[in-house]
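Below you'll find only one chain, the form predicted on its own, shown as structure tokens.
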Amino acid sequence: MTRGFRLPDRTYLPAIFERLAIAEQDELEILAGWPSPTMEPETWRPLERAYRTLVADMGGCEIRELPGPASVESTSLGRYFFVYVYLAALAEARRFHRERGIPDDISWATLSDLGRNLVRDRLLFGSGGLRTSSWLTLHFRGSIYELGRLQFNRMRVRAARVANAFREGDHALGIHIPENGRLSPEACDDSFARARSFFARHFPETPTRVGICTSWLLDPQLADYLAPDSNVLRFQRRFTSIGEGYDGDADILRFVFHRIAPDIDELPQRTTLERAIVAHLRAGKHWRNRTGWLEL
């Protein structure tokens, strides 16, 4: 039976923070706002509600939107509300991993995406916190796993992604590219090989042969700026494109520059990719998030 909302014992927090790649500055703010069951019910109940929403669907494949705090606060408790929910769910996530036989190194590498998201939020907003809940619901419900350079989540094909190679409702793996290094062909080959054996071993009930990726990295317009042997274009060529995609300007600014609605003239242009993005936007053009699929 799932326990109620309960945070880890503070004695174990240094080790937990290290495992989850939570930076010292975030640690201090998390501890400053640490919730207690003795606080006002109107503050405690939303934490319980969000926690129960999360763990009630352990093993679920769809991204979930968790209910948030009763009001938007500028306090540490308000800004780190969802961090406390994930810390409370850590024991359930780890138990799910153990029951599935997930190796410890993969379990912690996956869950440490929490720390990376905290770093990104601080860069984006200029202060600590976790403003959105949905992405990490995959991690703390046992749906997504980091296998080397890439992350893979269990999913089902939706109508908008149906192609001749697969059908609506088929099991598939979503493919994601964390911000943690070069996207070399060798690293990607290793991740795909690991994914094939990992999901066959740990989730045999949902056999999967298709991987699907939606990203600005699959925008064919990048070929107008990057060398044919660039890692980005090599990654693109692995996929068969589906549909026309949707506007990707916000995502590319968020993930490459860690900015929201910036002044284009203030963006750095240190790399070929950064210069390409800026030149494209200055020309009045827009980037697209595109979807592609491949055989695993």
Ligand SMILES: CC(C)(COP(=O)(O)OP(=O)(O)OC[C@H]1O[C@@H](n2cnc3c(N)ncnc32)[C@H](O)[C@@H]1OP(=O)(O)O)[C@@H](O)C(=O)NCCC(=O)NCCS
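Position 1 is the first residue in the sequence shown; the rest follow in order. Every value quoted in this text rests on a predicted model; they were computed, and no experiment measured them.
Here the subject shifts to the form predicted together with the named molecule, a form of this protein not shown in this document.
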Within 4.5 Å of the named molecule in the predicted complex, all of 179, 214 and 271 (non-hydrogen atom):
yes
Using a 4.5 Å heavy atom cut-off, which residue among 255, 44, 34, 239 comes into contact with the named molecule in the predicted complex?
255
Which of 66, 55, 30, 232 has a heavy atom within 4.5 Å of the named molecule in the predicted complex?
232
Taking heavy atoms and a 4.5 Å cut-off, does residue 124 contact the named molecule in the predicted complex?
no
Residue 139 near the named molecule in the predicted complex, any heavy atom under 4.5 Å?
no
So in the predicted complex, does any heavy atom of residue 183 sit within 4.5 Å of the named molecule?
yes
Would you check, heavy atoms only and a 4.5 Å threshold, whether residue 154 touches the named molecule in the predicted complex?
no
Among 107 to 115, 74 to 82, 216 to 224, 140 to 148, mark the stretch whose residues have heavy atoms within 4.5 Å of the named molecule in the predicted complex.
216 to 224
